[in-house]
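Next up: a single chain in structure tokens, the form predicted alone.
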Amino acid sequence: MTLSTMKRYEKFADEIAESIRNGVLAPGERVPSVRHASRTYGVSPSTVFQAYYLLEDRGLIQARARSGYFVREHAKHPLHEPESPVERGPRQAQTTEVDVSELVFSVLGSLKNPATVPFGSAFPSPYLFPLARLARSMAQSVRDMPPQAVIADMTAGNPDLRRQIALRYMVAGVRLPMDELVITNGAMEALNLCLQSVTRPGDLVAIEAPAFYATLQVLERLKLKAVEIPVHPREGIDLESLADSLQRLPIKACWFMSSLQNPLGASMSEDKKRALYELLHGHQVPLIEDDVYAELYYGTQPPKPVKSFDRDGLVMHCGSFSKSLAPGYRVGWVAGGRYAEQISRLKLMTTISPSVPAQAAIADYLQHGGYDRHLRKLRHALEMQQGAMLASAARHFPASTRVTRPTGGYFLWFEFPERVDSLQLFQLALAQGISLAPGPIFSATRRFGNCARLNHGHPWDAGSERAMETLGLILATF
């Protein structure tokens, strides 16, 4: 559902939600009465009621008997955000050999038991995805697929899917030819191929600190060296530190998440994204833009990627349906810019093609399945679950704990008191059936030892609340 096809009450609800997120309407504050809102915004009382019911369902407001509607107070004493910047080490970045895989595999192994509370997971709950509707799209698309398409679509990718992806870029204000799109086995293959297209073993790659642990694993596998650039918990990459590193070091590529960064959830402003592009353009250093959470924003407007400022093909923009629609289908893509042909050739030398039926199924769903309607429901669920985890953390975690407040996605980054060892916390929590992602797995230099990433992408229930209480009791032992 696009803004033009949204119902009036949904548009009005999103306007109020934006005011709550921006702090214009504070926790505990009364929202405009139905009569006042109807008169001020020029909508009917019925529209206002429907909007307020929707905001109640999203956990943003609550009704009080004979008093009206109020912004929900998730906690009496909310936890503060992490200090700026998150990394308090020296500004001057150093080169680092990467060796984190064993640590990462131990965390991933903790998720194999379905009874474990999956706060350490990298995915939201599968119950948030329209799997039955996707199955119908799979059956329909395979039935209608011409025999020659099974072979013809393997190299370039399903043309209907590429067309649908190109249309979504166009709606977001990014115009690119379909020839620039390469369909891949999820975003991880896209990111690997991009990196291999512009680096050789031993090269330096600028990454975020903290960074998604898979970034570190890819660098380790390709024998590349990391240059860690600190990330502000809300504003993203420290451009001053990046500029210094580009000046001093022979960096061959940058791998950044400009929106809803994993693990912090930080999003750069449009001005900062433009400045990032200009900085890299000046040094002619390519950017691999990992944008897998692009569809999971909470506001009314999608964040623009750095790709939208690219005027000479320097940005390789990677996306995926794994986080927003179909995790197991493993369908991603890259808009490869000037490197598209090289990326395509590398793909043919390795995996050749993602599943042709999976591509056709997603193409059919994008055309007929109501993808935007699904995304709105998914965003609302994730935002409500974020509020539940923040409120629970304020109840159970030490008062000096700090936590990020992303405007999308399904991760929260917790900075605990210095005395907390998050690797030890991970082991103690796992013994109680709770998984989490400890800070050191997000750094090539094993920093962030008192930090952890928690996933709120699963429906909040009594078990989630008990797990947070248990974590609070464990934290109190340090």
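This one's a predicted model, so the numbers in the text were calculated from it and none came from an experiment. So that there is no doubt, residue numbering starts at 1 and follows the sequence shown.
We do not show the form predicted together with another copy of the chain, though everything after this point is about it.
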### Gln217 within 4.5 Å of another copy of the chain in the predicted complex, heavy atoms
yes
- Exercise: Glu189 in contact with another copy of the chain in the predicted complex, heavy atom 4.5 Å: yes
Hey, in the predicted complex, is Gly328 touching another copy of the chain, heavy atoms inside 4.5 Å? yes
Given that the partner is absent here, does Ser324 sit within 4.5 Å of another copy of the chain in the predicted complex, heavy atoms only? no
Answer key, another copy of the chain contact in the predicted complex at 4.5 Å (heavy atoms) among Gln164, Thr407, Ser308, Gln196: the residue is Gln196
Answer key, another copy of the chain contact in the predicted complex at 4.5 Å (heavy atoms) among Arg175, Arg345, Arg248, Arg373: the residue is Arg345
Margin query: If the criterion is a non-hydrogen atom within 4.5 angstroms, does every one of Gln62, Ala65 and Gly299 touch another copy of the chain in the predicted complex?
Written below: no
Which of 286-294, 221-229, 167-175, 235-243 lies within 4.5 Å of another copy of the chain in the predicted complex, heavy atoms considered? The stretch 221-229
Checked 329-360 against another copy of the chain in the predicted complex; residues with a heavy atom within 4.5 Å, sequence order, are Tyr329, Arg330, Arg345, Leu346, Leu348, Met349, Thr350, Thr351, Ile352, Ser353, Pro354, Ser355, Val356, Pro357, Ala358
